[in-house]
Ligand SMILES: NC(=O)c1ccc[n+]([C@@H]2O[C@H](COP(=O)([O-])OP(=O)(O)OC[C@H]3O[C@@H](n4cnc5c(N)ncnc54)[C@H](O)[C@@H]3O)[C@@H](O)[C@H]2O)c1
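The chain that follows stands alone, in the form predicted alone, written as structure tokens.
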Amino acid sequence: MSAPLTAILIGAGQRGADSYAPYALQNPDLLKFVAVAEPDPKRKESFCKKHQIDSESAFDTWEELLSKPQIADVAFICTQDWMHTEPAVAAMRAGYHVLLEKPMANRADECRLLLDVSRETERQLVICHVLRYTDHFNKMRELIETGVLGEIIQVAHRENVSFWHMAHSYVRGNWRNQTETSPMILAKSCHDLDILPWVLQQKSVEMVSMGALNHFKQENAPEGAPKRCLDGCPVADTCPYYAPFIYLEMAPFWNNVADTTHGFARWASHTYPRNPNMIKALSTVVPILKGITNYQGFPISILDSNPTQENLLKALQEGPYGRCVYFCDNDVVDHQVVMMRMDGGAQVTFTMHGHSHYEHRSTRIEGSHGRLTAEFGLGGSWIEVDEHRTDWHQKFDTSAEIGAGHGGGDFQLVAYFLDSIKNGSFEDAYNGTKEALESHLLAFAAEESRLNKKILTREAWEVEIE
């Protein structure tokens, strides 16, 4: 058996430490983390403890870590959007293959630079477009390839960002202000602008986009609302964005899981917010329920790396996630539509909005010979196909295990990355990075179209790449 690939982690936040790095704990024969760079001392200490990293291999900054001679095979770079380029460039030039969290960067020229450096160094640069690695979207692509739908005529794809996730990430959280981070169409939806051409195997040749921030503004605040939820909010019992409802009760999260799963898991997820003591008692004899009662993941892990009720309450009293959603410094859109004409003739409408009852992506593909409908959610996923002439109908369950990040895509991406380094070729990986760049340029073009109210053709975003 060959030795595991060794890795360094730059940015031990929710995506790096909680989504990708656990792959090493479950597959120690394939991956081992040997160093970390993280400015937050609690997150750094927690990561070192889990991965048995000594203090000499724990750094406050990526500059300190990458100033050392190369100590591992690969670098996982999971910093904030605007902090991707410098460490990724430095890591590739230091000899590391790089797994880079999306988006590649929040500027088009920096995205292109990353691809150029990958070519220059011949280091693999894999972007975390995790949807490509899910069973759900692979099955969708496979069904289209069979020809059962005939010619693809029209596609309606929606990224339905739940009301509580919108409030968490794009009103109170790190991606609320595009001058500090990225436009929402890039930060949230470069996944979708990547997966749609990949599933359809068609490229966009023309697009127009519209969108705005409608709801999360001061003029929509309830009368008498304070700047912070815990400072005596008069609508605490009715506001869906009331911070303790989202983070202490966790009702929206567990309702979201229940809405997209089935069977016992649906009942347990639905029951827990209303009767937590029952589920806690049952968990002593039904161990699978501990995944609910002991849950410490997103979104509460963002507030504190040790999300006890006491720590969460303190975070709501003092930190950004306790702010009233109507008194934040947010300016990103809460809805946007992108309409595209593809080179294979399909017309695509992509809608992103932050007012969904539950978190999921929904897809409807109309073809000359059949129809495909699909839903990809937190608790489960499915695809249905109907054939016009015979009325043949089949439903496919594409669900991953509950708790598997992005429908299993997080771990399957890591597995692909490691296998690509051991058994793949640089050219294959490089071609994948070029496709990732294409999706980012689409996002920048969509934002330009939205802001300038104009239709763009492919020449506006296409670049010649070796």
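A residue's number is simply how far along the shown sequence it sits, counting from 1. Small disclaimer: the values here were computed from a predicted structure and weren't measured.
FYI, the form predicted together with the ligand isn't displayed, but the following is about it.
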property	result
Residue (of L418, L66, A436, A37) lying close to the ligand in the predicted bound form, criterion heavy atoms within 4.5 Å	A37
Sole residue of D194, E359, D334, E101 within 4.5 Å of the ligand in the predicted bound form, by heavy atom	E101
Site check V155, V208 and T363: each within 4.5 Å of the ligand in the predicted bound form by heavy atom	no
Residue stretch of 80-88, 392-400, 200-208, 263-271 approaching the ligand in the predicted bound form, non-hydrogen atom distance within 4.5 Å	80-88
Distance check, F47 to the ligand in the predicted bound form, heavy atom within 4.5 Å	no
4.5 Å heavy atom contact, N174 to the ligand in the predicted bound form	yes
Proximity of V130 to the ligand in the predicted bound form, heavy atoms at 4.5 Å	yes
Partner proximity in the predicted bound form: Y20 to the ligand, non-hydrogen atom cutoff 4.5 Å	yes
Heavy atom contacts to the ligand in the predicted bound form at 4.5 Å, residues of 57-76 in sequence order	D60, T61, W62, E63
